[in-house]
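Next up: a single chain in structure tokens, the form predicted alone.
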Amino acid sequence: MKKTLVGTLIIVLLSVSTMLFASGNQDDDGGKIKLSFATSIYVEAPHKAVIDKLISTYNAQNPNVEIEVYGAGWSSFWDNMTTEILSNNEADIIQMYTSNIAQYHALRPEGTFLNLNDKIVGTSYEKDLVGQDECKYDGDYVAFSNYAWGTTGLFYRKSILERAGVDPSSIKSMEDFRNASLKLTNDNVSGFGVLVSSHSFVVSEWARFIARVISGGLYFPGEKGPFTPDRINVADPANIWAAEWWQNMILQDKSARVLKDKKDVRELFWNGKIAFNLDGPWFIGMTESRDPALLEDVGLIPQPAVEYEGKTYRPNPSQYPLITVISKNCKHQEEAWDFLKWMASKEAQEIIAECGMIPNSKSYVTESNYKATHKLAYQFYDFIANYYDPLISDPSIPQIGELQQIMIEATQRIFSSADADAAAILEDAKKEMQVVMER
């Protein structure tokens, strides 16, 4: 009873605080149009610097418009957004990932976000912007792919590998990676940093590295419909094998340092306590921001292939196009669209390139100037072209948030204890997911 009361009070206080914030930013002042912009990445220094520069540049060019940005930490941001939408007080413009569209758009029966078909269909945006084709809900564009994207690779500390006699170019398979991590681990250094907590990465890094690569889908085969309870794929033998493999690497090999948050993994990598870090091109900017000299000691290789039942599977890690939506509650929808459209321009994409991710405009990043000035980031194009299979991502369905939470709790249990029965836990998770899909 007490927990229920406390939970209710927290929700009420969150609602009140967001109502106060949002209403304050939707009021115009002295004829100036005000737009609020919410993003989960504002807490990261490279993104904050770029977003501040984008907004100040746009505000300077459009003195009648004032854009104000706010954001919270990763987990809090998504919880807060649910509360804000249910309270009709979300920001005018919201930055998110393509996998979030369905979950939040479906919170209102009539849809949360503005239909953008008249602004995108038939334009160059459809082919030029990475991830634009993933910005649809029920066949309609409700989001715009105008910031940056990235996929993942393995960053490594050159000095640590050299001392241990490990040649990074020899790491072709996950077994190579496992053996290298063992060789690199000693009293002061761990081969790899891995998350085991309520952080969503407890699922996503395992899935990107090994599970989805061989199973083709955590939730449904190929993560494609029909999305029916009988097609839940979490207890597929390949997913069970992948869970046991990851469990053994963490708890038997002890070559992976177990941590609760990704920022802890990055910090230990920068401090020379972890040899490998799975991350995307944004990590380049983060490292440079931490200490430009560190980049001299950082190398990058693609994710290794996975060998399973006599067959070799190429990685298919997630891609992360950051996209933006306009709330249907936005009072100045055309002005909001003008800002989103400007973010896709060459001028804005040049600013975005400074965040360390890869700008979403293909025409911009294929220019010789970008290739020459962002050599390390451009390696990810080589990974996509020569090492990785086509992307398989979480299904875009309203129930995905509940399915993801079930998966987080299941993997947290498996990777916390060597005695945990992966097959039994994933079978239980399957039954829970079936209940969700039967509603």
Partner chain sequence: MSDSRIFNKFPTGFLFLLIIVILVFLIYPISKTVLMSIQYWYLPKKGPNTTFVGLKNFFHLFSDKAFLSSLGKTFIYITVTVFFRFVLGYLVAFLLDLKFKGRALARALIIIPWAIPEVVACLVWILMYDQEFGIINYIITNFHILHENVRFLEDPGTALPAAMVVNIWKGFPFVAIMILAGLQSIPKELYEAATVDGASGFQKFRNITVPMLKPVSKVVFLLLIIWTMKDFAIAYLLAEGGPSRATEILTIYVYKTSFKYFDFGVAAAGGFVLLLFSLLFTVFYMRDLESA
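The structure displayed is predicted, hence computed values, not measured ones. Positions refer to the first chain, counted from 1.
Just so you know, the form predicted in complex with the partner chain exists too; it's not on screen, but the next bit is about it.
The single contact residue among 309, 291, 138, 167, judged by any heavy atom lying within 4.5 Å of the partner chain in the predicted bound form, is 138. For the options 238, 232, 196, 184, the residue carrying a heavy atom within 4.5 angstroms of the partner chain in the predicted bound form is 196. Heavy atoms within 4.5 Å of the partner chain in the predicted bound form map, among the stretches 41-49, 60-68, 380-388, 397-405, onto 397-405 alone. Taking non-hydrogen atoms only, residue 257 approaches the partner chain to within 4.5 angstroms in the predicted bound form.
For the chain shown alone, residue 371 is not a contact residue for the partner chain in the predicted bound form, no non-hydrogen atom being within 4.5 angstroms. The partner chain is not drawn, but in the predicted bound form it has a heavy atom within 4.5 Å of residue 412. Not displayed here, the partner chain is approached by residue 86 to within 4.5 Å at the level of heavy atoms in the predicted bound form.
When contacts are defined as a non-hydrogen atom within 4.5 Å, all of 79, 82 and 103 contact the partner chain in the predicted bound form. If you take 260-282 and check each residue for a heavy atom within 4.5 Å of the partner chain in the predicted bound form, you get 260, 264, 268, in sequence order.
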